[in-house]
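In structure tokens, one chain follows: the form predicted alone.
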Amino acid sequence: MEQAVVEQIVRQVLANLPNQSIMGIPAGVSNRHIHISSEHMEALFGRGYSLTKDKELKQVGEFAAKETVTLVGPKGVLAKVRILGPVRKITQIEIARTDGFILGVVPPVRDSGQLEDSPGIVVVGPKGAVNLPQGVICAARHIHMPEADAVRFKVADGDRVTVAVPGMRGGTFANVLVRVHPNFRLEFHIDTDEANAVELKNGDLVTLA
């Protein structure tokens, strides 16, 4: 049987499975962190420096590094902000809104990579400092999905959905971006402010509303 026919049959079977809307999606609560470019890593840690992997993250190829930096804003400082690898083309800092109060900046809610007109900040490492003109955002909540799960949930890449959180302080989150890729693993990403509001922890299950 041809591969295309097999894939079509699988999609049809998955689409007809009952109660797909109540399947659990594991939560991943995202603490403040920085994605760093090779240029800025050398400025902060020295020429030729490479990140040291500390912990594998759920998404394929991503990891928490042992290295941390200090963020210096107009009003305050946040120390030991974790670097997430691998190295990226552009430096991006993701913080919660309450972190912005401490630093004295107002991070806009943005999808990853959308850094235009975002505030800048000073990043300090053991070998130097970088004055970023922009790049501080509050990451918009989103769901990573492999293609099979996208079929089961009947959604497509770029869709916006509503997520329901169970429990005494549970609630719903609207405008959740769906990101679909063959290498993704199913996970709902929100920041610490959002998670604390509904008492959601890493690994807790949510559903599509």
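Since the model is a prediction, treat every value here as computed from it, not as a measurement. Quick note: we count residues from 1 along the sequence shown, nothing fancier.
Beyond the structure shown, there is the form predicted in complex with a further copy of the same chain, which is absent from this document and is the topic of what follows.
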query: Candidate stretches 173 to 181, 50 to 58, 144 to 152, 64 to 72 - the one whose heavy atoms come within 4.5 Å of a further copy of the same chain in the predicted bound form; finding: 173 to 181
query: One residue of V77, V109, A129, I90 in contact with a further copy of the same chain, assessed in the predicted bound form (non-hydrogen atom, 4.5 angstroms); finding: V109
query: Interface membership of G167, a further copy of the same chain in the predicted bound form, 4.5 Å heavy atom rule; finding: yes
query: Exercise: R82 in contact with a further copy of the same chain in the predicted bound form, heavy atom 4.5 Å; finding: no
query: L103, heavy atom within 4.5 angstroms of a further copy of the same chain in the predicted bound form; finding: no
query: Contact label in the predicted bound form: A139 to a further copy of the same chain, heavy atom within 4.5 Å; finding: yes
query: Contact set, 179 to 209 vs a further copy of the same chain in the predicted bound form - heavy atom within 4.5 angstroms; finding: D191, D193, E194, N196, A197, E199
